[in-house]
Ligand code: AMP
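What follows is one chain in structure tokens, specifically the form predicted on its own.
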Amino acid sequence: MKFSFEHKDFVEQNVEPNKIAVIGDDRSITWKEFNAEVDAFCNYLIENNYQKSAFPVIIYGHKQVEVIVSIYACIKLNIAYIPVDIVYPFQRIQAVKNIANVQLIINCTDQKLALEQTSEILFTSNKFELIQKAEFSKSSIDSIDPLVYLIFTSGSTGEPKGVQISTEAVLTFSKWMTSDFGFTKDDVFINVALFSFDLSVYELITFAALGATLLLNSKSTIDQPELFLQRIKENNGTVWVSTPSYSFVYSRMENSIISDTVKYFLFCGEMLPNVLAKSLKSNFKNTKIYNTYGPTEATVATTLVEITEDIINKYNPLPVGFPKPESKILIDEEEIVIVGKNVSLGYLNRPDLNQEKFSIFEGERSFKTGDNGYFQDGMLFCKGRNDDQVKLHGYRIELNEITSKIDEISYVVKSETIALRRNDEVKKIVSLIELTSDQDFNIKADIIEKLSNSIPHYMIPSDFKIIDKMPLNQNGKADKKALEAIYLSR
């Protein structure tokens, strides 16, 4: 039976038309204007025969209002979209395009991408222009549970993985966000994360479901704390959504200018340190702190707990919360397994990984997270990763992908990338490298330059060490404990 939905399921219909819907760096639009722009872009796509796409489309941009309009136009036309931020190097965009067989790019920047065999629409200043035309395939089949979006995460083979999130999963997430968190139509959601990362889905989906306001913040803005705080104050930002790492600097600001506007701190993406929660609770006494947990493969998050003073005083590390409605969390030999409608349909075109990570449990999809955890007092506690995938500053990173890119460099014999931890938290990523011969140039600078052309900046190791020979374990694999000792011994 087909999963039935309409665009109104994603967007609150009874909203004041003159209320601000989206605040961008360049312009702001009301709900009346937002709905009109979504409809206009939908009509443009239909007129140019780009509805019912057989393959996902890429939405390329940063924090432009047009990106949000494009996303909701795709939702309205039932077109799966892939958000790609301008921080992605061209090679990675090309890889995503090839993996997903993308035939259409909606470009919300002034820089033409010009990928081969791909149509490209330039969508800036609320104007549309088809600047490149290529073959476009329409789907003749109505999906039972159509995809809403795909998020590409780091992949262990050197290629990114496309996580497929369906309509049912998004609507389940939306229902949870609008019922269990206490948010209302009067809230202003403060966007920090790039749209390429599913942390941004918190505010992206919830603001529309409530008929609230979305405050977009460019990288240049969030990199300047005083400017960012002033922007929050000027626009009455109420819901702060970020990784814990990003909020550390603000937690130490006494009598911060955001204390009289922000009502909620919502954290996800990495462990919430007890000391950070304690500092925030001390400085922002009337603000609620929410801790959540969940991988991209389970539609942003699966658990929730309000971090109160009692919880701060009782638990260290802090809990990540109680499972959301219509979702279960199992512990299988310490590994966290998520079961429910929020679980992804799987990785795009990766049957090998799907067989390894996804299965059916009691009639519902389940996902093996690769995270270790345990239950205490009915709440889930997360202990960290159990494989080569790590989290640093909220980003999920496959160490093997970095290694594979370094190994492609002509003068590299073998490399290995490791994560250095303190108290089970990743603090630094470093690569140790065996060379073909002595080189007479700045090797580290050259490697960084080459990596910056193929992987995002947050994946580039913070340090490199040249070694004489790669140490191996009994299985003939790189001995990571020995590598860590070599690196730290210097």
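Position 1 is the first residue in the sequence shown; the rest follow in order. All figures in this text were calculated on a predicted structure; none of them were measured in a lab.
What follows is about the form predicted together with the named molecule, which we do not show.
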Exercise. Can all three of 166, 324 and 328 be found with a heavy atom no more than 4.5 Å from the named molecule in the predicted bound form?
Worked result: no
Seminar exercise, completed: TL;DR on 168-176, 111-119, 293-301, 85-93: the one with heavy atoms within 4.5 Å of the named molecule in the predicted bound form is 293-301
For this session: Using the partner position in the predicted bound form, report whether residue 385 sits within 4.5 Å of the named molecule, counting heavy atoms only.
Result: yes
Exercise. Quick one: does residue 341 come within 4.5 Å of the named molecule in the predicted bound form, counting heavy atoms only?
Worked result: no
Problem set entry | Non-hydrogen atom contact residue 203 with the named molecule in the predicted bound form at 4.5 angstroms | no
Exercise. Does at least one non-hydrogen atom of residue 71 fall within 4.5 angstroms of the named molecule in the predicted bound form?
Worked result: no
Exercise. Which residue among 401, 270, 187, 416 has a heavy atom within 4.5 angstroms of the named molecule in the predicted bound form?
Worked result: 270
For this session: Only one of 357, 288, 391, 76 comes within 4.5 Å of the named molecule in the predicted bound form by heavy atoms, so just point that one out.
Result: 391
Exercise. Within 162-199, which residues come within 4.5 Å of the named molecule in the predicted bound form, counting heavy atoms only?
Worked result: 198
